[in-house]
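For reference, the chain that follows is the form predicted alone, supplied as structure tokens.
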């Protein structure tokens, strides 16, 4: 797989001026990212102004979350139907939503189906806690997360699905998994997908690593054979650091 996928997750950060400034810095940087697919995921409130700046560029826009229903009496939620005109992609099942907001595997499956119905690319996040890793159940947990998220959908493709492996203990902690550990889990993820899809398809689905990724360690991860990119958190909020990270990949 020649393409590298980089997804910037701004989480609940930035102001409107920050979002505009970061977007303008990216668009004006003359950043060479041929063969690097870059998706920017701002907070929902700032999707439209970021879209206005990046819409005619090679950057893609993503949402950090959606609700599983298309519309209705769901105060404060946002649906795939509402974002589809501005976004290419949506992050589903991030560990912060699983851990803090108690999203279930069933919730994530319903969101994936909704995203697919509106032709959005889904980045399904999976990963274990430190307790699950230490008790030796990490792969079992990740397998369950993947299979429950994707079933009963059988006709997904490598153009509308990415998997992001984010060990919960590494997110925002400054402590990344080792490249070897990340590769070990990512090949397990690819093998798990092959159980419910054609072997060729499972080999072509992008698998990303996320968890304290920065310009200093990005090359360690993307040099692994089953890691096709990264989901970037705090390092994407500093445009100079983010640009440096992309340059390291090139």
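Numbering follows the first chain given and starts at 1. All of these numbers come straight from a predicted model, not from anything done at the bench.
A second form of this protein, the form predicted in complex with phosphoenolpyruvate (PEP), is not displayed here; the remarks below concern that form.
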Phosphoenolpyruvate (PEP) contact at residue 94 in the model of the complex, heavy atom, 4.5 Å: yes
Contact flag, residue 210 vs phosphoenolpyruvate (PEP) in the model of the complex, heavy atom cut 4.5 Å: yes
Residue 234 within 4.5 Å of phosphoenolpyruvate (PEP) in the model of the complex, heavy atoms: yes
Looking in the model of the complex, any heavy atom of residue 171 within 4.5 Å of phosphoenolpyruvate (PEP)? yes
Tell me which stretch of 28 to 36, 178 to 186, 211 to 219, 62 to 70 has a heavy atom within 4.5 angstroms of phosphoenolpyruvate (PEP) in the model of the complex. 211 to 219
Contact set, 112 to 136 vs phosphoenolpyruvate (PEP) in the model of the complex - heavy atom within 4.5 angstroms: none
